[in-house]
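A single chain comes next, written as structure tokens; it is the form predicted alone.
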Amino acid sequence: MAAKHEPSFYDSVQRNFDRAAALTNLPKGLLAQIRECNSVYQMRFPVKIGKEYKVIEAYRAQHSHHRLPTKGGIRYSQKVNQDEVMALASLMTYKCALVDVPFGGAKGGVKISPREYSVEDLEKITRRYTTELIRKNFIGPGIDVPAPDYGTGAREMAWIFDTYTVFKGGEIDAAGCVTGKPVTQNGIRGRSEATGRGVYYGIREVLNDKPLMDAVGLSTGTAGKTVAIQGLGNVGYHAGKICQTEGEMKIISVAEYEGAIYSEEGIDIEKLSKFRKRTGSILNFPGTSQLDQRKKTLEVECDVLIPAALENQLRKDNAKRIKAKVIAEAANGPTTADAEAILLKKGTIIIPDMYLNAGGVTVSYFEWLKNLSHMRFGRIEKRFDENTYLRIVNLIEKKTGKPVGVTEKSMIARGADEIDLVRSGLEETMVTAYEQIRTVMKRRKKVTDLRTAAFIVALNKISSDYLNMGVFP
């Protein structure tokens, strides 16, 4: 008998959907509409690389138009295919609904390995891809708003924005056509750290949840918890750094493309990142030993495992060797459906991707709002708040006869900058979404894991939108 194949990323998303949908009372026709991708644009376009022309394969999938614009990142990877972008677009729909961001889900992908191209060639490819999206009306501040993903960043988003403005000269809200832009080009402070910071807030909420911690034999709180991280890209770096500095957690293992390292004493993420930039590798970082395989980081004995690389990393063939008490899905789809069944049976807590990495789209939403309002957050109220707080402190000094130190006074009287408001909004979003997930688990005895509960929260919100639209009378 032939061995059963591991489910694909898209299959895993659909199986997770079906598991949650079966526990709702929503109409089957409505669930069928929510489940499928509405539009997929598959394209091929030529780009001159050196003296030759190369045909580039690329995609843009729009999963749901129940709210507009659709929203989702663009990834550059040799592994990009139609199933992958459909799976990612689906997750974006559920993710946006879960955290109350009013977008439909979308995702894009360009089938290239960025390491193989020069900056000039990457710019050519990005601008041509954007041109194809514009031609088919697959991009625009009220249509579809891309963002960074694996293999892309602020630089690529700046190229997309510039290309869009060339075609759409005079469009007043053109800056809202893409998010994740550099701050100097209509971006927003806090966007680069947003997904990683959201990962930390989500982990913190779970580690402070006493019933869940009791179930896996951990004390509440983040301080002292051991962490292993797969992937030191933007998300893994910021998640690790914030877990370490704000959560007082200990990073004991890190894996990257070139290998994996381990230290029982802990690894300073900031120093490791600087070491890798200088040497091109995390290997031989002082105070660490090298693991024989980079995927061994997944199997390290730790309190929290953060897979922050690509999908399908925790599979049926390695799930039984996973020793982490909590798996925090910073990446999209790192756990296959088969692996999840094994892990849940072991009692492992899985913090689902559709909740945990929603920080990126949340702050992208803030950037989009900033672009449409043409106003930097905090600009209007910052000085007013500072003056008000200062008057209060001065009054306290006068009434008590006790002066407040200059440093303390400046801290108390400080008005909120854009970065403060972004972080506050992100924290509120993650805390509120977690409360909604746990409410479903407490009210429904059949819902025993965080992913199914998160799906149910999202499905109820999306179905409400459809029913209010009158699409399903």
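On a predicted model such as this, the values are computed, not experimentally measured, just so you know. Residue numbers here begin at 1 and follow the sequence given.
Just so it is clear, the following notes concern the form predicted together with a small molecule, a form of the same protein that is not shown.
Look at 271-279, 166-174, 299-307, 88-96: in the model of the complex, residues with non-hydrogen atoms within 4.5 angstroms of the small molecule sit in 88-96. Using a 4.5 Å cut-off to the small molecule in the model of the complex, each of 107, 147 and 360 places a heavy atom inside that distance. Of the candidates 333, 73, 190, 236, 73 is the one whose heavy atoms come within 4.5 Å of the small molecule in the model of the complex; the others do not. In terms of contact with the small molecule in the model of the complex, the residue from 313, 126, 253, 364 that brings a heavy atom within 4.5 Å is 364.
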